[in-house]
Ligand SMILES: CC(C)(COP(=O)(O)OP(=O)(O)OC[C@H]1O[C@@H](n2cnc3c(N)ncnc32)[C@H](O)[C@@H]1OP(=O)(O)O)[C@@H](O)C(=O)NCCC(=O)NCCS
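In the form predicted on its own, a lone chain appears below as structure tokens.
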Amino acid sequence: MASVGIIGLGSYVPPHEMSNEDWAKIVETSDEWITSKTGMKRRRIADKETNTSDLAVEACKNALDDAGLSPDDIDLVILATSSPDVPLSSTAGIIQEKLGCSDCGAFDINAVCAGWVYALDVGARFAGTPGYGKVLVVGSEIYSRILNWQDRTTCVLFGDGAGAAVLGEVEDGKGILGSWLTSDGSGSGVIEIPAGGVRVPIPSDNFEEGMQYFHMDGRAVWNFAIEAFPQAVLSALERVGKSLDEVDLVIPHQANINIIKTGMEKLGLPMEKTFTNLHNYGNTAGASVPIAMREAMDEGLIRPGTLVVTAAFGGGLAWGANVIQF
């Protein structure tokens, strides 16, 4: 198989910014509490007229520009999201139409906050094969619409945004070297929206107000994430025959600065070997890794020769990592 890598990378966040102080006017919280518990200071919030597909299209345009390509060059669109425009049809199809891609496939992947690492692995398996020369992989989320803004344990954590990558053939020995993905469905209730599917339709006899919003068991997520993050990094490296000493940069899902610090400590790596931007954007779920990767590249932390591991963990429970040689 051809070596496949990221040949274009783009991101987009909505312009409206919401600070910790803004949240303190809505729910009982404070800048000190949010900062100490999560590391977050600000996040971007989409306006009511903007959909998940709209953020994705802007990120895709930036990725295409970075690759020097047009929408007609794309053979497949893969979207990672857990906040789609509509339950069906596919939001990837909506993106395809808005972007102007012609004659290409499109589908969604829902692995919640691990969506990007899942989608990147799937896209890499298509790219460079007959009929799929260039693949567009995008993570896009508008969690501000699926949160209960009166639940202070969740509403202050998330922001909106999108990141996208164009995948194509690269020189041998470079690109996406491999991935490691896993899940544990016994923990599916740890992070979920209880209603809105066939289990609890809205409305139904089983529906109660509030079940249509995002729910999370914070303690269970912490216990899961601090183990899942380092496990994913090490497992992905082992799969591709690389050692931790060879890694230049780890880009984790931007869920919580304390989870990242604990995970890096378990790996025996200094924080200088990771990149975080959650202080500016909060947790953008399936979009957090590509947004962070684009910013790390802009800051000169990713350049030719850099070995990067991206790792993410979230609802499902799902977690995984990609190893990328630039």
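Quick note: we count residues from 1 along the sequence shown, nothing fancier. If you're wondering where the values come from, they're calculated on a predicted model, not measured in any experiment.
There is also a form predicted in complex with this ligand; it is not shown, and the following applies to it.
Of the candidate stretches 272 to 280, 255 to 263, 297 to 305, 48 to 56, only 255 to 263 has residues whose heavy atoms lie within 4.5 Å of this ligand in the predicted complex. Of the listed positions (249, 237, 157, 76), a single one reaches within 4.5 angstroms of this ligand by any non-hydrogen atom in the predicted complex, namely 157. Shown without its partner, this chain lists 200, 147, 216, 244 as candidates; in the predicted complex, only 216 has a non-hydrogen atom within 4.5 angstroms of this ligand. Every residue in the set 28, 33 and 313 has a non-hydrogen atom no more than 4.5 Å from this ligand in the predicted complex. In the predicted complex, this ligand stays beyond 4.5 Å of every heavy atom belonging to residue 42. This ligand in the predicted complex is not approached by residue 129, whose heavy atoms all lie more than 4.5 angstroms from it. In the predicted complex, this ligand sits within 4.5 Å of a heavy atom of residue 222.
Although the partner is absent here, residue 37 is a contact residue: one of its heavy atoms lies within 4.5 angstroms of this ligand in the predicted complex. Contacts between stretch 109 to 145 and this ligand, counted in the predicted complex as any heavy atom lying within 4.5 Å, involve 113 alone.
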